[in-house]
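Single chain ahead, written as structure tokens, the form predicted alone.
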């Protein structure tokens, strides 16, 4: 599952809420060259790497997607996503719109969700509360205008007004996707085989 949002849209908070709500969700940790913020932990929130290390990972094809956001590099290691999928978990990627397009190319079954705050006033308030400098807020709002134009390419839109409700809505989306027949063909086939075997026994008797 890919979750995108303008800065201040709450994608990290929604991701954390999903992981607390349902053990099937697992965060696909991205790597970044930006500085670590207060409260963030290496390997939990991001892998904090140098620009040189990031370029090495990119050159060696070890990144599922990568992008430059506000002057910093962000990327998702391919290995981390495949490991989660192999365990039967639902990887959550909180990435920008460019990254979402790249992921869709490699994993076409990816479910994409675009988060929006209820209004612009709320978005600005959240950015200020996060401690962003005035010039950074203007930069992020300019980026938001571009990102919102890409929302039409996403599968779902969730308005993040009340966090707990937004988390429940995104979880509900995942629940519906998991139930789609194309994801459960093996279970359908297994039931069909059991039914065929029982029918054969009855006819034989």
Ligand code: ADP
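Numbering follows the first chain given and starts at 1. Computed from a predicted model, the values in this text were never measured in an experiment.
Quick note: we don't show the form predicted in complex with adenosine-5'-diphosphate (ADP), though the next part is all about it.
Of the listed positions (163, 178, 172, 141), a single one reaches within 4.5 angstroms of adenosine-5'-diphosphate (ADP) by any non-hydrogen atom in the predicted bound form, namely 163. Although the partner is absent here, residue 12 lies within 4.5 Å of adenosine-5'-diphosphate (ADP) in the predicted bound form, judged by heavy atoms.
Of the heavy atoms in residue 104, none are within 4.5 Å of adenosine-5'-diphosphate (ADP) in the predicted bound form.
In the predicted bound form, none of the heavy atoms of residue 87 sits within 4.5 Å of a heavy atom of adenosine-5'-diphosphate (ADP).
At least one heavy atom of residue 129 is located within 4.5 Å of adenosine-5'-diphosphate (ADP) in the predicted bound form.
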